[in-house]
Ligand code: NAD
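One chain comes next, on its own, written out as structure tokens in the form predicted alone.
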Amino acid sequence: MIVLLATQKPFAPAAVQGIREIVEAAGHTLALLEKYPGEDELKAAVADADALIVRSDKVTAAVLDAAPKLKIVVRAGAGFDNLDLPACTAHGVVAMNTPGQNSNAVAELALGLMIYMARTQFTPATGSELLGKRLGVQAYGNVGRLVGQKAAALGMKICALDPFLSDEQIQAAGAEPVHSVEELYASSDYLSIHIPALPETIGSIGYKLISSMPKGATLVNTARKEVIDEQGLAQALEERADLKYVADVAPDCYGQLREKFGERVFATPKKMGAQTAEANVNAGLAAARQIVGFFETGCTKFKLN
């Protein structure tokens, strides 16, 4: 089988080497496409591929049309909004992600962003401490739980909302259960977002929720920019001079927000939650192992469609 590793933003050399070793040890061939300029190059490369590994690369219906032999695509990472799942299903392609492999890297970044904003972006101005503050976690999955655990070690009080977990499961993972998104926002000094970008979540965090947060609150987004209603965010920041917003994914209106609200707003230059050497390797190797397992035993443990 031909396994195509297609990454506009390449893996670290160590990760590529590890992926190659896993794929070739199983008797398959690894093809490599890195730093390609656009979809046309991906379509050409995928023509002979039986399997595909991507990072944030978009796997569209057009790409799938160009891949008649493709049986599986694995997104090396947790988020999978770059995969057209209905098109994958229509083409008979199994789509997977690699949940948990980037979780620690994202969780550490979320805590780092909280500290950065609490200490006024490391300017000489007087900052504040995280000790004793209430952290709300929206979605208590792999990343959310790690954020909660690390924040608890700093003395924060943790509450969480997750419709897929029972109160007992949330409590066992070290957080106080919260039963509505309105309660979560209204009671959190810091709010860490970990929901995916789905039709029901896109634009779901807007003026009403943000403006309900306690005095001096900070909203932390290491998920997806699409879940934020940017107009509502701007309005809340305009009306509440005590609120702050920090993100690992810059909103479309970031320039205007930064100009208007200064150090109350910050976004990393690029999405960097998973940009650690460890996460880079972990996600790539997991994707390779999942493809090998799929061909050897039919395993579809992390199937998305």
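Everything quoted here is computed from the prediction, not taken from an experiment. Just count from 1 along the sequence shown to find any residue number.
The form predicted in complex with the ligand exists for this protein as well; it is not shown, and the discussion that follows is about that form.
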Tell me, please, which stretch of 211-219, 229-237, 76-84, 122-130 lies within 4.5 angstroms of the ligand in the predicted complex when heavy atoms are compared?
76-84
For the three residues Gly141, Asp162 and Gly273, which mark the spot I'm curious about, does each lie within 4.5 Å of the ligand in the predicted complex through at least one heavy atom?
yes
For Ile195, is any heavy atom within 4.5 Å of the ligand in the predicted complex, or not?
yes
Can any non-hydrogen atom of Asp57 be found within 4.5 angstroms of the ligand in the predicted complex?
no
Check Ser188 for me: does it contact the ligand in the predicted complex (non-hydrogen atoms, 4.5 angstroms)?
no
Is there any non-hydrogen atom of Thr89 lying within 4.5 Å of the ligand in the predicted complex?
no
Answer key: of Ala223, Ala175, Val147, Leu135, within 4.5 Å of the ligand in the predicted complex (heavy atoms) is Ala223
Check each of Met96, Met114, Ala151, Val106 and return the one that places a heavy atom within 4.5 angstroms of the ligand in the predicted complex.
Val106
Can you name the residues of 226-255 that have a heavy atom within 4.5 Å of the ligand in the predicted complex?
Asp248
